[in-house]
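First, one chain by itself: the form predicted on its own, in structure tokens.
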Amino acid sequence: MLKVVNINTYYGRIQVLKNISLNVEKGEIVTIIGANGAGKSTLLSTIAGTNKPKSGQIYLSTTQTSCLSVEKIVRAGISLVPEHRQVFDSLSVLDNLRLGAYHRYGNDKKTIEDDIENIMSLFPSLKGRENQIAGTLSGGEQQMLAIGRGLMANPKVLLLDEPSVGLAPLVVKEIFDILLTLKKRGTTILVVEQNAKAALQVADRAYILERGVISFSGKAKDMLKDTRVQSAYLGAKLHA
């Protein structure tokens, strides 16, 4: 469904991503793990179109999206939930959700209202708080709202950038349980995450990004058992 082929992305003269290739199949959860500064967020922003690659291609099914504007990429079916949530603090929960579907108005307003109800059932913490100002929500509730806003775009692929950042362990578990629920509903997800253990426990496959290069990839369940991954990303101490 989503295919990235030999992407090279720069900030000015500094190359951040170096010949990155990966794929995400329909209905999968795929995670990208790596240290700070590895290029994980740049990879998502490149796929979402906010950073343009200097070379390489990105495909959503048969559509090449790397040459499209951000708006056209959203319309094609790629939706990014950015790091640090970035909800519209001064707007209500309901208005934040409606903004996620801005490109759909004029075509299916009734479906949009139905989707809002579905979001509320997915995130019961938001139910009954439609008129509450988003900036007054807790960090976990804002993350749920940000994911809900991303889903309102009706994406074929949902991109999540560090959904666990700054959240308490119980909230992190709730967020990742929601990702599993979305997978059961058929949502395709690519998630960037520093909490490698939480991400690998829900993902089907994973890629490790180091200094702009994919150094390792495989099934998530296998990576959880891999001694190299355990040592570098899961906090395990290896003994001779």
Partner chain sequence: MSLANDILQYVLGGLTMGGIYALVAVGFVIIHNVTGIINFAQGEFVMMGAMFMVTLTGIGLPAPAAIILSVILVMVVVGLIEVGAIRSAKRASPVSLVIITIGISTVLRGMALLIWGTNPYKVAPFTEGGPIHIGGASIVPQVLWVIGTTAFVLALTFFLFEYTYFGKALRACVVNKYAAQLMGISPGKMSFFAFIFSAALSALAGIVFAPITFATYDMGLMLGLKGFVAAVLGGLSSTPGAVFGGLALGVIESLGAGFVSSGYKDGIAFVILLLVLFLKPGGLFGTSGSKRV
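Positions refer to the first chain, counted from 1. Computed from a prediction, not measured in an experiment: that's the story for all the values here.
Unshown form predicted together with its partner chain; subsequent notes refer to it.
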Q) Using a 4.5 Å heavy atom cut-off, are 9, 15 and 158 all in contact with its partner chain in the model of the complex? A) no
Q. Is there a non-hydrogen atom of residue 64 within 4.5 angstroms of a non-hydrogen atom of its partner chain in the model of the complex?
A. no
Q. Residue 82 near its partner chain in the model of the complex, any heavy atom under 4.5 Å?
A. yes
Q) Is residue 172 close enough to its partner chain in the model of the complex to count, meaning some heavy atom within 4.5 Å? A) no
**Q.** residue 45: touches its partner chain in the model of the complex, heavy atom cutoff 4.5 angstroms
**A.** yes
Q) Which of these stretches, 208-216, 31-39, 190-198, 64-72, has heavy atoms within 4.5 Å of its partner chain in the model of the complex? A) 64-72
**Q.** Heavy atom within 4.5 Å of its partner chain in the model of the complex - the one residue of 90, 131, 118, 111 that qualifies
**A.** 90
(Q) Could you pull out the residues of 85-102 that have any heavy atom within 4.5 Å of its partner chain in the model of the complex? (A) 85, 86, 87, 88, 89, 90, 91, 95, 98, 99, 100, 101, 102
